[in-house]
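Below you'll find only one chain, the form predicted alone, shown as structure tokens.
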Amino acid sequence: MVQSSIKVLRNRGYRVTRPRRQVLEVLETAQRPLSPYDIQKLLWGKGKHLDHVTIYRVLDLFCTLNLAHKILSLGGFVRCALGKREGCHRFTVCRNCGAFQEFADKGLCAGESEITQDFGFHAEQHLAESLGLCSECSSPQGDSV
């Protein structure tokens, strides 16, 4: 996945800098959304030092290029798991265990764009998350423990 992200950077005219590569590598192995400070701490643990401002800038670029997403309800960033799949990339987020799932829906994206156009607005990006309980946390077995 890191190599495909590097390819996207190069194809869009961006250099593959050391900080960009380091943040990509951290996001690639992350099992949960990471804040810029989490990323900084993980890099420090590997003897690599990036200031949090640089990490914020790198993450902002990655979000713009759809290489990463910010999960607002969890306060962290994850790598994009869907690549170029068409449609708005969205997340379901479990409010109990924090599990999340990324999905894309072309119809949802088109509908939201249509609504914003009715207001005379051109949307460049749609952000939304569905919060609730995952199947594990909402099962009757989860309640009896």
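Model, not experiment: these values are computed from the prediction. What we label the rigid core is the largest C-alpha set whose atoms superpose within 1.5 Å from one form to the other. Heads up: residue numbers just count along the shown sequence, starting at 1.
Keep in mind that the form predicted in complex with a further copy of the same chain is missing from the display, and what follows is about it.
Asks: Quick check for you: of 42 to 50, 55 to 63, 104 to 112, 23 to 31, which stretch puts a non-hydrogen atom within 4.5 Å of a further copy of the same chain in the predicted complex?
Replies: The contacting stretch is 104 to 112.
Asks: Might residue 94 be said to contact a further copy of the same chain in the predicted complex, defining contact as any heavy atom within 4.5 Å?
Replies: Contact check for residue 94: yes, within 4.5 Å of a further copy of the same chain in the predicted complex.
Asks: Considering only heavy atoms, tell me if residue 19 and a further copy of the same chain come within 4.5 Å of each other in the predicted complex.
Replies: It does not: once a further copy of the same chain is placed as it appears in the predicted complex, residue 19 has no heavy atom within 4.5 Å of it.
Asks: Flag residue 90 as yes or no: does it have a non-hydrogen atom within 4.5 angstroms of any non-hydrogen atom of a further copy of the same chain in the predicted complex?
Replies: Within the cut-off, so yes.
Asks: Residue-level question: is residue 15 within 4.5 Å of a further copy of the same chain in the predicted complex, judged on heavy atoms?
Replies: The answer is no: residue 15 has no heavy atom within 4.5 Å of a further copy of the same chain.
Asks: Check each residue of 116 to 138 against a further copy of the same chain in the predicted complex and list those with a heavy atom within 4.5 Å, in sequence order.
Replies: Counting only heavy atoms within 4.5 Å of a further copy of the same chain in the predicted complex, the contacting residues of 116 to 138 are 116, 119, 120, 121, 122, 123, 124, 125, 126, 127, 128, 129, 130, 131, 132, 133, 134, 135, 138.
Asks: After superposition on the rigid core, does the Cα atom of residue 129 shift by at least 2 Å between the shown form and the other one?
Replies: Residue 129 C-alpha, core-superposed: shift of 2 Å or more.
Asks: Has the Cα of residue 48 moved 2 Å or more between the shown form and the other one, judged after a core fit?
Replies: The answer is no, as the C-alpha of residue 48 shifts between the shown form and the other one by less than 2 Å after core alignment.
Asks: After the core is matched up, is the C-alpha of residue 93 off by 2 Å or more between the shown form and the other one?
Replies: Comparing the forms between the shown form and the other one, which are aligned on their rigid core, residue 93 does shift its C-alpha by 2 Å or more.
Asks: Say whether the C-alpha atoms of residue 123 and residue 57 sit closer together or farther apart in the predicted complex than in the form shown here, given that their separation changes by 3 Å or more.
Replies: Result: farther.
Asks: Just say closer or farther for the C-alpha distance from residue 23 to residue 96 in the predicted complex, relative to the shown form; it changes by 3 Å or more.
Replies: Result: closer.
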